[in-house]
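Okay, here we've got a single chain as structure tokens, the form predicted alone, with questions on binding and movement later.
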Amino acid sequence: MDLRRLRYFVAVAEARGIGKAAERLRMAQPPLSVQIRKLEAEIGAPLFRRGTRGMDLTEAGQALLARASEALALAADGAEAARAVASGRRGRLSVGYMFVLANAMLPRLIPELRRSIPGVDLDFAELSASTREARLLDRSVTVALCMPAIHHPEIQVARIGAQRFMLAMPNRSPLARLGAVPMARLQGRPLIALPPPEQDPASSAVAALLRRHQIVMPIASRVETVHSAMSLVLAGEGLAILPACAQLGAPRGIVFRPLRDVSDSLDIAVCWRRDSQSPLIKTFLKCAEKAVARL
């Protein structure tokens, strides 16, 4: 049913006459009368009858009025909701994040998002090196906070910061007594590594760091997440070279020390599908940049 005719019908019913309704609608009377007759023909029943005080609604007209008013209100609400979503004032944003960034970023990022887009529903999903790319590509998350950046032709990347590498070790390790650990002291010590280089550039960065300093650390275990790496370090299975922000989520008994004369770092990146039309991504990026600046 034509919403325009419903608006005309409601205007005539409220004004109790074609003339007053036409003035309110700022249109001539004859075309308004034509539209009312067409609506009656579409419904198959008269909607008005002449009364002593103007045009009265028939029983069919009374039944239509309540529903017509509701339909017009719903249509207006729908249009406003669509405009709000299109402008980024309302909607839903699904945010993926990697565990290594959780403690450093989320307490700073989430309040910033709540202030910037209060009408948007937010949900959060923890990602790993093996799931982050797939979750973006299948659209189960809209945007992802990653370390390091994802390299995929369908994924757009914005680098917003970096974290230097540090050495994670049990607090009982002799190396924990040092203010900064010389690279030479790592020679031959077991390494708890992240996923293989083809899956995660983080392990490539660590491997490059060791090669440059001609250090060999036999790999004791490869794990999926920084959380798992720190658990094995705590158990005494080896050392881990991790971004500095990982120490914010470190269990008791783990200490972090800088590597002497090493400035290598790992990028923090916001990633999303290149074909995404969400207006919320731009706002998320600005909020993430503010959160990183406070690290």
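Residues carry their position along the shown sequence, with the first being 1. Just so it is clear, the model here is predicted, and its values are computed rather than measured.
Just so it is clear, the following notes concern the form predicted in complex with the DNA, a form of the same protein that is not shown.
K.L.:
Are all three residues 97, 107 and 114 in contact with the DNA in the model of the complex, where contact means a non-hydrogen atom within 4.5 Å?
P.N.:
So, no: the whole triplet misses the DNA.
K.L.:
Just to confirm, with a 4.5 Å cut-off on non-hydrogen atoms, which of 62, 265, 33, 231 contacts the DNA in the model of the complex?
P.N.:
Comparing distances to the DNA in the model of the complex, the residue within 4.5 Å is 33.
K.L.:
So which of 287, 281, 271, 18 reaches within 4.5 angstroms of the DNA in the model of the complex, heavy atom to heavy atom?
P.N.:
Result of the distance check: 18.
K.L.:
Looking at 66 to 74, 250 to 258, 223 to 231, 22 to 30, which stretch has residues with any non-hydrogen atom within 4.5 Å of the DNA in the model of the complex?
P.N.:
Within 4.5 Å of the partner lies stretch 22 to 30.
K.L.:
Contact with the DNA in the model of the complex for residue 46, defined as at least one heavy atom pair within 4.5 Å: yes or no?
P.N.:
Looking in the model of the complex, residue contacts with the DNA do not include residue 46, since no heavy atom lies within 4.5 Å.
K.L.:
Is the gap between residue 245 and the DNA in the model of the complex 4.5 Å or less for some heavy atom pair?
P.N.:
No, residue 245 stays farther than 4.5 Å from the DNA in the model of the complex.
K.L.:
So, residue 294 and the DNA: in the model of the complex, are they within 4.5 Å at any heavy atom pair?
P.N.:
So residue 294 does not count as contacting the DNA.
K.L.:
Using the partner position in the model of the complex, report whether residue 5 sits within 4.5 Å of the DNA, counting heavy atoms only.
P.N.:
Yes - in the model of the complex, heavy atoms of residue 5 and the DNA come within 4.5 Å of each other.
K.L.:
Give, in sequence order, every residue of 44 to 63 that has a heavy atom within 4.5 Å of the DNA in the model of the complex, or say none if there are no such residues.
P.N.:
Residues within 4.5 Å: 50, 52, 53, 54, 55.
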